[in-house]
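First, one chain by itself in structure tokens, the form predicted alone.
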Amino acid sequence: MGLKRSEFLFFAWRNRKLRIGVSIVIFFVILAIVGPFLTKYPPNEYVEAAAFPPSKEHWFGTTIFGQDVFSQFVHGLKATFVVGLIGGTIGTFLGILIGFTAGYRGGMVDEVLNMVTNIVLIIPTLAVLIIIAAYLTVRGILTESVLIGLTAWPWAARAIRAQTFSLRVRDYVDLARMSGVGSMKIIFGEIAPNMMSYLLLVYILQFGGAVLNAAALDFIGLGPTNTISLGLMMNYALLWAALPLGIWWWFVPPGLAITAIVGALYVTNVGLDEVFNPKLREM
């Protein structure tokens, strides 16, 4: 059975990894929301002399084109979280739907769904995203997020399927089945509530994976064509030789932010695992 809310809050507050991870993520979320109001410059507007170093007027300096880096950074943060939210949600939803169905029904349904999952699983996800993105002349955050989500579900489906196999033979599931309860009601009314902690961990990993995949696509120039993102900032810095020219403030902030967000999500996941698993809890 899952933890009661009071128990969860108690152990969550005591877990250092969880506190650190959540704090970092919340910091960047707040910055993504509040940041655009802290700058008076649009992200792509030419506002100052080229390659202006960080100053009181331009906190993160300017690009080689005279664009305000801080403005690009905070707008890029928003794009990063939107991709993580949409892509992670789609990947988790598909993983839950396919994993629960295959694990509960078994038989031919399980074999077919498992075959489809294995086929998608062995296809290099990033390669597929690169090919699809390369053929799209206009790319937006929503398009990128959906593509990432549609290719990220197989591992989640396999993991959820394995958990469902062990839960479908429990007494309370057999009792619900004998009472005439439908399959979907059993899955989402009896099995899913007992896997909520595991599903939360899956979603966090899907969120982080979506952020990383988006950063990779953006960095190689296949990201959104109508907005700015952290990955695109690093792509532009690479294209215009920011490192050789010593314009470190152009690529360091987005690189550190992506690393910090993904790292914090991983630490949060480890912390939650320790909270939900009594054998792993910090004493």
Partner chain sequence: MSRYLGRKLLIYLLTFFLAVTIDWLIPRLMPGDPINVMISRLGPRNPQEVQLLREYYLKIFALDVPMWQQYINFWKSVFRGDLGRSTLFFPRPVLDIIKASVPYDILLLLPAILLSWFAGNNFGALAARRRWLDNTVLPLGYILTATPYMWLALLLAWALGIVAGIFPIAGAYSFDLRPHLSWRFIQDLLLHWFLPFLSLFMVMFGGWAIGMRNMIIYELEADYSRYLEALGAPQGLIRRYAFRNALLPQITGLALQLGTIVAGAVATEVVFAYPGIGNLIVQAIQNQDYFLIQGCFLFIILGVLLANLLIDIAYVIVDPRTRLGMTGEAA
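Note that the structure is predicted; figures quoted are calculated from it, not measured. Numbering follows the first chain given and starts at 1.
Not pictured, yet referred to below: the form predicted together with the partner chain.
Does the partner chain get within 4.5 angstroms of any non-hydrogen atom of residue 108 in the predicted complex? Contact with the partner chain, no.
Look up in the predicted complex whether residue 59 has a non-hydrogen atom within 4.5 angstroms of the partner chain, and give yes or no. No.
With the cut-off set at 4.5 Å between non-hydrogen atoms, does residue 124 touch the partner chain in the predicted complex? The answer is yes: residue 124 has a heavy atom within 4.5 Å of the partner chain.
Taking heavy atoms and a 4.5 Å cut-off, does residue 246 contact the partner chain in the predicted complex? Yes.
Thinking of 113, 141 and 202 as one candidate spot, does the partner chain come within 4.5 Å of a heavy atom in every one of them in the predicted complex? Per the other structure, none of 113, 141 and 202 touch the partner chain.
Only one of 219, 41, 70, 52 gets a heavy atom within 4.5 Å of the partner chain in the predicted complex. Which one? Residue within 4.5 Å of the partner: 219.
In the predicted complex: members of 225 to 259 within 4.5 Å of the partner chain, any heavy atom: 234, 238, 243, 244, 246, 248, 251, 252, 255, 256, 258, 259, in sequence order.
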